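A single chain, nothing else alongside it, follows as structure tokens in the form predicted on its own.
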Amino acid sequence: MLKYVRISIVSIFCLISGRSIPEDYLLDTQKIITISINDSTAYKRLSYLCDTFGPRLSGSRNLEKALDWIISEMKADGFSKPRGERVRVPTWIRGDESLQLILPFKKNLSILGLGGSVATPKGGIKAEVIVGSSFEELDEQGKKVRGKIVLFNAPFTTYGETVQYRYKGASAAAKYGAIASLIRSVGPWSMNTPHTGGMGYDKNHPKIPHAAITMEDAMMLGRLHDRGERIVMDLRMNARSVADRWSRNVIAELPGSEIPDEIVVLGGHIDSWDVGQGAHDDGGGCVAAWQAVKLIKDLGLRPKRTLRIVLWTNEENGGRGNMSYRNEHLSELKNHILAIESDGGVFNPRGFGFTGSDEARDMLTSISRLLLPIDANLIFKGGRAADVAPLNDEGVPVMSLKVDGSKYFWYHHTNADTFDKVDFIEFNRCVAAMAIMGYVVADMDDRLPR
């Protein structure tokens, strides 16, 4: 049975003290929240996206078929100018991969190659493994590393800190003569679920295969290493990078009723890694942004400024979608009022991060009080996210939806990022939060200051 949320004008008004929020938006807020919480349209669309097209890695047919469907659906929704703007994207193909523990006992281990990795030689790599928990421990091992596979068994602290082993680990190990490198998956929790993600190579060192194993296996191997056991593995990876392919950013609009040249962007990245279904990362964010603008349109609300949906391609392994959007729309950016991104999963929303002027923050804090009924009224420092950051570099104020992230890295970049992990009510609250914030900024008399 669906959980219904009913919110009266009086209850919203009582939650908002003072007169900093125009009273005209109270009725619109009630409509947006009530309809969005109970509407199954977007939830069903996300299910269809995930189940019909699967994972959507840049350069894949899965992604391009999904983009065709999205543009077709946006046309059916009655949006203005639904289109795909072409972008050349890097293309990495995983291929078959396996990892077997040979000593001290035999066991097949779960593995995910890291995006951009080279393959192993034909016949694979069979070698002894050396384990460390940090780059400093690798430095201490020094000459012992040559000819071996290095495993970085780094415990998760924060994503920003721990992800350095995924991105830099291969070259750090290759510097000392390692012939392959592995990392403990970047996340706080696991059920034997390795996490993939992007990696890079330092041009000053040889390119060696680089992959992630599960937290459980990494910790086991760490214990074996600490006991002095000899560890031998057989690693086989057939990954390859091929020539760039064409993809698209998807764009659709609800034109402004009075100042259509001024634009408020709502979006997320439509590509995903090649595992799972990309439900929380970031299909849910894309469909939530899409539904937020559709909801405003369907309610007959016509904000003064244009609301533009942007679904960026290639966030995961190149960032070319966001750069292309910035370059293609450079002449418009002076009239980009605000860009809002959702790329942290579609769990219960808490509010928005913001990067911009203090005056704009004060205005957005006032607007956010309209989100009190769904407990999404907090404004945090820092709204830069991958796809809106290039716009912020050009002076555009940016926001990112902030959600309860306690489970996000359970599923992030794994085979477990599937539609069944998306809660109906939590997802629809994300829709409501983005719709209210986007609508009020697009409709208020004062332009958001820079």
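Quick note: we count residues from 1 along the sequence shown, nothing fancier. If you're wondering where the values come from, they're calculated on a predicted model, not measured in any experiment.
From this point on, the text means the form predicted together with a further copy of the same chain, which you will not see here.
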query: Listed residue that, although a further copy of the same chain is not shown, lies within 4.5 Å of it in the predicted bound form (heavy atoms), from T162, S190, T120, S324; finding: S190
query: Residue among E128, E216, D244, E332 with a heavy atom within 4.5 Å of a further copy of the same chain in the predicted bound form; finding: E216
query: Non-hydrogen atom within 4.5 angstroms of a further copy of the same chain in the predicted bound form for each of W69, S72 and L295; finding: no
query: Stretch in contact, per heavy atom within 4.5 angstroms of a further copy of the same chain in the predicted bound form, of 420-428, 384-392, 398-406, 28-36; finding: 420-428
query: N249 within 4.5 Å of a further copy of the same chain in the predicted bound form, heavy atoms; finding: no
query: Any non-hydrogen atom of R146 within 4.5 angstroms of a further copy of the same chain in the predicted bound form; finding: no
query: 4.5 Å heavy atom contact, S47 to a further copy of the same chain in the predicted bound form; finding: yes
query: T41: touches a further copy of the same chain in the predicted bound form, heavy atom cutoff 4.5 angstroms; finding: no
